[in-house]
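Given next, in structure tokens, is a single chain: the form predicted alone.
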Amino acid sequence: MKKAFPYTIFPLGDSALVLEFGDEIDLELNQHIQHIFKKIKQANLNYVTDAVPAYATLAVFYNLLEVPYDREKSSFETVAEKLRVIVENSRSVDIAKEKKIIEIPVCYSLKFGIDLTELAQKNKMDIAELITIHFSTVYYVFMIGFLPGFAYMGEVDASIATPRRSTPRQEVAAGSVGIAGKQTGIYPFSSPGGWNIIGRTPIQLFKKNAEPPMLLQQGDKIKFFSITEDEYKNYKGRHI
């Protein structure tokens, strides 16, 4: 039986609102939000300019000048009322079943996995065990954010779940694969970051001229597999 997901709607500035379904990382909830996101897109509301799904929220942006005028209601109330109808008439589906597994190569060498030793010590296991646990799981992309193409994936096995670093690095190399709490992710670009780095993929996650430009999308299923440093060089720059 599907869970019930109570929600609230509140304004986000004067031309956007947020549907909030809680604050948990939950697969079924995230799929429910994705389903509603698709239904809003399919409704073709001329005043809706964008919709952005996240872990447990869905932000909807609208053009005030296009919202149907009602002297008894604000634009926010008019849009919220329409969205409530869409939400109440949306039945969640198992979106993950519709997705193929995307396999991504990762080199887990100490050269790239600069936090492997520390993480293994913290989690009281050897490095090989930690690596095996990480690539043995099929991950689900809960949301895209932080950087274009940065996929927040979960959930990692509880035995290797590790909080973010107390002091973020000023620069993390593009392709770095990290763990933060119950999440795992890949840095698509070189940037500051506080995730625990355990390896690096040679695959390019974002190409501005590709269609779509981002390799990974919310709702995708991801499986990592281990490669050597020599194999890493052969893969370098590919976009699956």
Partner chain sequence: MSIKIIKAGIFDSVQDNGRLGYQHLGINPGGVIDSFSAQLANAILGKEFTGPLLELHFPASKIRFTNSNIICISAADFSPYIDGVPVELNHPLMVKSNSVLEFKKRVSGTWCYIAFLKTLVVNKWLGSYSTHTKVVAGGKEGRILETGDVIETTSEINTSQHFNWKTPPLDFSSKEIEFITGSEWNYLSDESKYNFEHCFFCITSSSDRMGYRLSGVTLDAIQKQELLSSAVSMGTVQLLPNGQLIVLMADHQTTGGYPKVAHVVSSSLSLLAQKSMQDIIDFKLISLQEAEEKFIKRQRYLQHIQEECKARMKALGIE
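The structure displayed is predicted, hence computed values, not measured ones. Positions refer to the first chain, counted from 1.
Beyond the structure shown, there is the form predicted in complex with the partner chain, which is absent from this document and is the topic of what follows.
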Can you tell me whether residue 25 touches the partner chain? I mean in the model of the complex, with a 4.5 angstroms heavy atom cut-off. yes
The partner chain contact at residue 75 in the model of the complex, heavy atom, 4.5 Å: yes
Indicate whether the partner chain has at least one heavy atom within 4.5 Å of a heavy atom of residue 213 in the model of the complex. yes
Is it the case that residue 41, even though its partner is missing from this view, gets within 4.5 Å of the partner chain in the model of the complex, heavy atoms only? yes
Among the candidates 203, 174, 56, 45, the residue which, in the model of the complex, approaches the partner chain to within 4.5 Å (heavy atoms): 56
Counting only non-hydrogen atoms, the one stretch of 154-162, 112-120, 136-144, 80-88 within 4.5 angstroms of the partner chain in the model of the complex is 136-144
